[in-house]
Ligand SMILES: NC(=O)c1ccc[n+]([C@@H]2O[C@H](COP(=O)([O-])OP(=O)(O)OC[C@H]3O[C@@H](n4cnc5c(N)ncnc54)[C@H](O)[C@@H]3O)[C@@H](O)[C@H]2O)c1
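Only one chain is given next, in structure tokens, and it is the form predicted alone.
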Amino acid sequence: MKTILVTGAAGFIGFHLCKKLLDLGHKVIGLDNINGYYSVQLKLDRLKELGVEEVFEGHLVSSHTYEDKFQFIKLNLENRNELPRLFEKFDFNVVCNLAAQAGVRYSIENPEVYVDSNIVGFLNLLECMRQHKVKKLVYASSSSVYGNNSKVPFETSDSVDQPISLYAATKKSNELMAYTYSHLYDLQIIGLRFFTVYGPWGRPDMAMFLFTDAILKNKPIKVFNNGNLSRDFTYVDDIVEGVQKTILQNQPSQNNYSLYNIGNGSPVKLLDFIKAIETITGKTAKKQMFPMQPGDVAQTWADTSDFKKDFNYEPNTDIKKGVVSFVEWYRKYYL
């Protein structure tokens, strides 16, 4: 059994990953700053599902459900004093970094937050690993690094030198920093470029939530680029299955540094995605058409062949099944 640090543990993917690792019997230390980018209550409720009833700045709290197998600490990755103390306290086998300031559009309005969290925080994590001899890191990159890549499906060998949002630029920076630390300090590092993740407990700023919420409340939905968008929507259970494999399995590559796409591998047109929500809810969406937003891209499509070959990654949740699961959770949680 491993001792694993999961940053972003109160986040959407982090919460699901912690639960998966705990159910497999591992010891998990969860870290999150629980910022107000979206509902703090949603983050706290995720933690309650993991047995953490209260959180305190800078203090570890044990789970009522998993006891000391899961401990949580509210902490910023940028904190150069407290983060090293966490590494002194625990002998981590693996670090999984899912903590980041998320959101493409928000990065246009609040660029400083992205540099603080996604670059400074990531550097601090790498330094803690180096100083405390933690040899393996799995971290979240993003499909946004591909920008307006016209070649599909997206391959990790494609050029990603033209990010069209600061969020994407910080994720590309993470990839470069991770490569450098892997090279200099013999760290085993795996980067995962996530493609549009959705499912129960999802973020309220994502399309799945925004559309479902508006449709059920008979409010109009905003459809950008006049609906001419497609996304490689990937169900959260499929994502978590892939992430836990990279954490727990040995890396098959001879190289210490690897980069993979993690997505469904089959893009869905935005209007078809909306149609699936309409079918499940039994309601018709009131669509308001808008032009493309700054920083947004027309399509995403993951080539996951390398990930499948190296880690037997096989997503198996189609969009209809995934939408049903999300709508059921939404109705239970919000209505």
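Note that residue numbering follows the sequence shown and begins at 1. Given the structure is predicted, the values throughout are model-derived calculations rather than measurements.
The same protein also has a form predicted together with this ligand, omitted here; what follows describes it.
The candidate stretches are 100-108, 150-158, 252-260, 218-226, and the one lying within 4.5 Å of this ligand in the predicted complex by heavy atoms is 100-108. Relative to this ligand in the predicted complex, residues Ile29, Val138 and Ile189 are all farther than 4.5 Å at every heavy atom.
Contact between Gly322 and this ligand in the predicted complex is not found at the 4.5 Å heavy atom cutoff. Taking the partner from elsewhere, Pro315 is found to have every heavy atom lying beyond 4.5 Å of this ligand in the predicted complex. Using a 4.5 angstroms limit between non-hydrogen atoms, Thr300 is distant from this ligand in the predicted complex. Not displayed here, this ligand is approached by Tyr38 to within 4.5 Å at the level of heavy atoms in the predicted complex. Put simply, of Val240, Leu75, Val94, Cys128 only one has a heavy atom within 4.5 Å of this ligand in the predicted complex, and it is Leu75. A heavy atom within 4.5 Å of this ligand in the predicted complex is found for exactly one of Met206, Ile164, Leu248, Ala214: Met206. Shown without its partner, the chain has Gly8, Ala10, Gly11, Phe12, Ile13, Gly14, Leu31 in segment 1-31 as residues with a non-hydrogen atom within 4.5 angstroms of this ligand in the predicted complex.
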